[in-house]
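So this first bit is one chain, no partners, the form predicted alone, shown in structure tokens.
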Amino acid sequence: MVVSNREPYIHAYRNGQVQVRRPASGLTVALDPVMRAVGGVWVAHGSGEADSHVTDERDRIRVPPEKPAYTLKRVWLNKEQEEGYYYGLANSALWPLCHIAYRRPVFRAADWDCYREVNEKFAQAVAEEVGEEKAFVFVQDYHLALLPRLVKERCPQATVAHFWHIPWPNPEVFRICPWKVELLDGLLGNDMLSFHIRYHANNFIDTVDRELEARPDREMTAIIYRGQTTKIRHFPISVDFETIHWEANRRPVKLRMRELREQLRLPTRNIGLGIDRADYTKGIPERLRAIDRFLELSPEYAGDFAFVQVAVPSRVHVEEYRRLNDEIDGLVEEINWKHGRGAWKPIVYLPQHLPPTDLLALYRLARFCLVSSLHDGMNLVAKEFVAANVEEDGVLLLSQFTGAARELRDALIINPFATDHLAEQIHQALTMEDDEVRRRMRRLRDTVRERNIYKWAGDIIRKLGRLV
């Protein structure tokens, strides 16, 4: 059983008809192929306007619609709960607390009350499915930090693991959270708690050592608390390499490449790409300023260069995100006005959700993909770009502040805060010899092919099997 806030499929109305779409979420993109392979139940918040109209009396539906392989069970939240739990505690407090992106967390008691209430609702939904059976409950991310303890209380026979998809800060940062003890207690209800990289796992152990009367076992990488042992591990998440590679090579993607080149007026070769949620941790303003500086330093690219920025709208009810959208809009307008000539504009800005075929086509069109996260647990866009690069002719520029930078060492590793240096590396990506491009991309593809999403899931399940 997988439990997450975000659901893998959303049902919504379009032109009076119910349609299904996949959300812009690295978590769901990564876990959906695993669930298709092994089956089971995925418990998630039903966020689509048509979600309730397609589920049965137990709030369940089989997915994916074209070839059902597992069950999606939906948890319903009212607007007050969603506002306090999701937009409030999760994304106005925990998200900035865990990301070093220089945004101050906002802690409100009402948000904490909603967060506890929603975690209780998820625990009840899990208990309804598990009953008295043995089960492996795999909890996802920072929205459900209290859930492991709650599930263990209701279903003591269940094996509970939790994957924390975002960074874990050092103890000095985490100590400002008013509910730090409650959050840590909830997470230590797990049999195993996992992060992307060892550094985040060590930060968690240090935090527990500072805040709780617990006994960390650093040699075994575990914490003993309230008579229970929680293993602390790190597993770098990945993507379904073979499926992305196969889909990117299909005729619909090749046709879409030609269509997008014409529609977006893209040049033949010098195309850069950024694909992100519109989130302040992704460094979109920083990369736009680097593009501006690149065009100042290399005016010969005027008229023969395009940077396509896809920014999927995210958390628009949070004031910090609304300000970010305004900042991005302003930068795009300013840079296009400054460098544009006639019909040519250097930045093609797409603030929308694009279908998978369009994303794969853009990955294949791009000479370089720029991932400029200010802080990121992993970043799967980097791995998707590598998997989709079937002709091995692309360059990955990857922030040193991502978990992916620990694995993808043949990328051009960048510092998004160093504008001039990043501008120089953009120029390097465009002028790199084709043989070197292929050598780097071939090694990157070997890494992602080997360390794919199934290896990630298999490693976790094997570790849990030893615990059981």
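Just so it is clear, the structure is predicted and the values come from calculations on it, not from any experiment. Residue positions are given as counts along the sequence shown, with the first one as 1.
Unshown form predicted together with 6-O-phosphono-beta-D-fructofuranose; subsequent notes refer to it.
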Q) Are any of the heavy atoms in residue 276 no more than 4.5 Å from a heavy atom of 6-O-phosphono-beta-D-fructofuranose in the predicted complex? A) no
Q: Verify the contact flag for residue 349: yes if a non-hydrogen atom of it lies within 4.5 Å of a non-hydrogen atom of 6-O-phosphono-beta-D-fructofuranose in the predicted complex, no if not.
A: no
Q: Check whether residue 408 has any heavy atom within 4.5 Å of a heavy atom of 6-O-phosphono-beta-D-fructofuranose in the predicted complex, and answer yes or no.
A: no
Q) Is residue 185 close to 6-O-phosphono-beta-D-fructofuranose in the predicted complex, meaning a heavy atom pair under 4.5 Å apart or at it? A) no
Q: Look at the stretches 354-362, 72-80, 206-214, 85-93 and give the one with heavy atoms within 4.5 Å of 6-O-phosphono-beta-D-fructofuranose in the predicted complex.
A: 85-93
Q: Would you kindly say which of 235, 280, 142, 112 lies with a heavy atom within 4.5 Å of 6-O-phosphono-beta-D-fructofuranose in the predicted complex?
A: 142
Q: May I ask you to choose, among 332, 166, 248, 158, the residue with a heavy atom within 4.5 Å of 6-O-phosphono-beta-D-fructofuranose in the predicted complex?
A: 166
